[in-house]
Every structure is written in structure tokens, then in C-alpha cells.
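Following this are structure 1 and structure 2, which are two forms of one protein chain, each written alone as C-alpha cells.
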Structure 1
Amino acid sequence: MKIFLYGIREDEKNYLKEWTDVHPEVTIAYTDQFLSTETAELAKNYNGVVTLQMQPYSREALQNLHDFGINKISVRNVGLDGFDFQDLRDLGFSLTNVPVYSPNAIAEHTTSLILRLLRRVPEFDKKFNNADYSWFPTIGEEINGKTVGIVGTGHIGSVVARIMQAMGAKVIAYDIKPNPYLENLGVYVDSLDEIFKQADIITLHTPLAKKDVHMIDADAIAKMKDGVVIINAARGGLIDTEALIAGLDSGKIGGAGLDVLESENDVFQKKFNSLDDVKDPQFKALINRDNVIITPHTAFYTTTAVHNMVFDSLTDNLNMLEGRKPKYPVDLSEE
């Protein structure tokens, strides 16, 4: 069997070697480029494809793979919003993802963003850079006693809930599919509006279904408590960035921790000579605020997670190619 991988980073290469040591019967090749209409040609003469969800996949790119006899795709991460499921169905593709590469990695990063905002770390960093080591007026707040609203309580959100409860927060949650463990604790509310109304801190841990695009918009923000802290380590499209900026400008939003952005592909994974070279006006409107922390989609980025992403995606791709049931099949009848 032969598998071609797209979007491979340097940190993944050692794990590719480890996997092929376990599966010497499989030939792999890879590129650092993402799957596109132009790069689909690289997978010619291969049986399966492993890629990374970083951008939309055109029907033309999928058609090219189909024409090469490829109908098995595995994604190394959770997100699937770059695919049009109708295209996949039309062209007869099977798809897998890696929904559980390390919930703790993202939950811990979420906690870090909350703590850094509440303890005003960006402001202290700025003071230190100016040789100012005074306390006042940069007084922080504690998680203990706060109401933390968690939207999405799957593998990641449920870990966040446990961490927040251990730190003394009151946890409330909303999910269309309640987690049995959290359900027994009685944390669920009946609607998103209840999260908006009650929570001091709102953290998002849900996929980007079409119905959830701009889940956090101007209307949602208007329903929130004054000074609310919003955390997004899920998908950038869950938040209407212009509405977020307006909320920060007005003071309605007290802080934001953002590991993902709507237009992140224009900025993340790129190196600029200076901020002046960044063309994205929304990024520029956010990056220099004392009450905003942006990390470049690195919540997942730990050695444990990267190992699991590589191993699970390749193993599932091979399972499909050899007629075995993959561990993480994607139901293409739903979107």
C-alpha cells in the first residue's frame, strides 16, 4: 500500500518514521504543501491520502484524486469544515478524522488563557518591559467563585469542566448531546441564552457546523454580562470577529483569549518581518490590546497530540485501504 501525506511539518517527521517502522509494508511520501487542485497531482499512483484541515478543499481537487483512483482520505485533526460532504458523497470518498488526539492539551491551553487574562499577564509583561515592577493598578481576579459557561462538552469541554470545578468555579454548560458525567452533576442549562446571561467566562468547544457559524455575534454579545471573558480554542468561525472587536471597544467584553480566528490562514503558520507586513485588519485590531491574548492555533500543539494525530490518521487510512473498519470513521450523511 502507498499513502501520500499533505501539509507535513518538521515536528511530524519523526512520528512518520516511527509509524513506518511499525508498518514496513506501507510506502509513504509527503509534502509540506496542502491539498489543492494543483498539488493533487502529487498523490498520483498512491492508494490513499492523509491531509490536515487548514483550508477549504475544492471539488476540483477531490475530483483529481478521484480520477487517480483515490477514494480514501484521512484528516490528522478534528475539523472537517473544509470539506463539502456532498462533494465527498458524489465522488465516493470515505473519510476519517482524529477527534481525540489530546483533549487535555486543548483544555490546559484554555485554562492558561483564562488565567493569563484574569491575572492581567499581558499588562504585567508590558510593565516589566518598561522596568515598571509596581503592583497597582494591575490587580487580578480569581477563577474561584466565577461562573464558567462551557459551550460543547465533548472530549475537550468535559475536561475543561473538570478543571474549572477543581479550581472552584461554578460550571454551567450547553450541548445538544449532554455528557453523562456532567449531566449527573446537574451543570446543563436549557439554551445558549442561559450561558450568555449567567457566565462570567464563556469558552467554546464545539465543531463548526453550518448552523453554528457566528454563534457569537452582536446579538449574542448583547445578552452577555458586562465584562464577560470569551475564550475560543475551537474554530474561528464560531465568532463574528467584527462583533467581537465592537464588544471589546465598548467594554462589554472584558477580555478574549483566541487560539483560532476567522481569517487565521492569512496569518498563522507564517513569519512576517513586522506587524506592518500583516494585511489582515481584524488581526491588527486585536493583537495589541492588553485584554486580548492570541495564540496561533497551538492549543493542540503538544508532543502527545502530534504523535496521536500522525499515528491515528495513518492507521485509519491503512485500515480503510485494506478493508478494515477504521477507528474514527466520519458519517458523510451528516453535515
Structure 2
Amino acid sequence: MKIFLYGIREDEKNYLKEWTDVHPEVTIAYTDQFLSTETAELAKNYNGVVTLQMQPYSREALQNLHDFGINKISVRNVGLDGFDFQDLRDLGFSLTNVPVYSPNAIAEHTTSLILRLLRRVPEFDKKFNNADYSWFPTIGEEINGKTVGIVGTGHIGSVVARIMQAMGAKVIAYDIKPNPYLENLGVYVDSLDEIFKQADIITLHTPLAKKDVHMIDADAIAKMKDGVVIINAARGGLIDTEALIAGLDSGKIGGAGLDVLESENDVFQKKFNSLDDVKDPQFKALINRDNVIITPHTAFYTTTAVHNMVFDSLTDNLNMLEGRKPKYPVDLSEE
């Protein structure tokens, strides 16, 4: 079997070698370029394709793969936003993704955002860089004893719940489909409003369904406790960024830890010469605050996660090619 991979980064190459060491019967080749109408040609004479990209997959690119006899695509991450499922159905493709590659990576990152905000690390870093090694007045807060509100308790949110409980927080959670393990611990409240009302720290771990765009808007923020800390390592669109900025300006929001932003595609994964070159006004309105920490969608980015993304996508592509049931099939009838 022969599999072609698109969008391969330097840090993925070791895991490609590890995978082919386990599957010497499979030939792989790769490019750092994304799958497009032009680059589809590279996969000619291969049986399957593995990809990862943020921008849309054009119908022409898929048509070209189809014309080369390729009909199995595996995506190395969760997101399927780039695909038009109708195109995939029309052209007879089967698709897999990697919906779970390391929930701990994102849960630990979430925890680090909370800790860094509560212990005022950006302010201490600034002082330290100016040879100011004094404590006062940069006093921190503890997670122990705080009420942490978790919205969405799937793979990631449930790990955040365990970590927060281990650190002594009172965990409350809201999920449209509560998970039995956490239900037994009695953490669920009946509504988002109850999370807004009770939580000192609110952390979001839901997908971005259309109905959940701007789940955190001005009305929601108005219902929150004064000084609330908001963490978003889920999807940028869950928060109305203008409302967040207004909440930070007024002091209603005490801190924000953001690994995802509504307009992140304009900024993240890009290297600028200086902040002056970044044009996104919302990013600029957030970046220079002592009580805001932004990370460029790196919550997932650990060696464990990258290993699993490479291994699971390649293995599932091979599973499909050899007629076995893949671990993570995507139901193309859904959209």
C-alpha cells in the first residue's frame, strides 16, 4: 500500500519514521504543502491520503484525487470544517479524523492558563525583566477553594474537572449530555446561568455548534461574578470578543486565558517582525494586558499529541485501504 501525506511539519517526521518502522510493508511519501488543486498531482499513484490543514479543501482538489483513483482520506486532527461533505459524498470518499489525541494536553494547558493568571505571572515576568524582585503588591490567588465552572465535560472538560478537584477547587459543570462519572460526583448544575452565577473561574470545553456561537456574550458576562476569570481553549467563536474586551475594560472580568480567538487565522501560525505588523484590532486590544494571556492555539501541541495524530491517522488510512473498520470513521451523512 502507498499513502501520501500533506502538510507535514518538521516535528511530525520522526513519528512518520516510527510508524513506517512498524509498517515496513507500507510506502509513504509526504510534502509540507497543503492539499490543493495543484498539489493533488503529488498523490498520483498512491492509494490513500493523509492531510491536515486549516483552509478549505476545494472540490477540484478532491476531484483530482478521485481521478487518480484515491477515495480514502484521513485527517490528522479533529476539525472537519474545511470539507464540504456533499463533495465527499458525490465523489465517493471515505473519511477519518483523530477526534481524541491527548485530552490531557489541552487540560494541562488550561490549568497552566488558570495558574498563570491567578499567580499574576505576566506582571511578575515584567517586574523580573526590570530587575524588580519585590513581592508587593503582586499578590496571587489560589485555585484551592475557588469555584471552577466547566462548560462541556467531554474528553477534555472531564480531565480539567479531575485536575481542578485534585487542586482543591469546588468544581461545578454544565453539559447538555452529562457524563455518568462526573454525575456520580454531583458536580452538574442545571444551566449555563448557574455556572455564570456561581463560578470564580469559567473554562469552556464545548465544540462550536451554530447555536453556541457567542455563548459568552455581553448578557452572559453581566450574569457572572465580578472579577471572573474566563478561559477558552476550545473554539474562538464561543466568545464574543468585543464583549470580552468591554468586560476587561470595565473590570467585570478579572482575567482571560485564551488559546483560541475568533480571528485567530489572521494571526496564529504566522511570524511577524513586530506587533506593529499585526493588523487584527481585537488581538491588539487584548495582547498588552497584564490580566490576559494569549497562546497561539498551542494547547494541543505536545509530543504525545503529535505522535498520536500521526499514528492514528496513518493507521486508520491503512485500515480503510485494507478493508478494516477504522477507529475514527467520519459519518458523512451528518452535514
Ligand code: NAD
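Note that the structure is a prediction, hence the values are computed from the model and not measured. Only the largest set of C-alpha atoms that superpose within 1.5 Å between the two forms is called the rigid core. Sequence positions of structure 1, starting at 1, serve as the residue numbers.
Shown as structure 2 is the form predicted together with the named molecule, with the alternative form given as structure 1. Treating the chain as two rigid bodies that shift between the two structures, residue 51 and residue 136 fall into separate rigid parts, each C-alpha being assigned to the part whose superposition fits it better. Rotation of the smaller rigid segment with respect to the larger between the two structures, from C-alpha superposition: 13°.
Note on residue 90: its Cα is shifted 5.4 Å between the two structures, core used for superposition.
Aligning the rigid core between the two structures leaves the CA of residue 33 offset by 3.6 Å.
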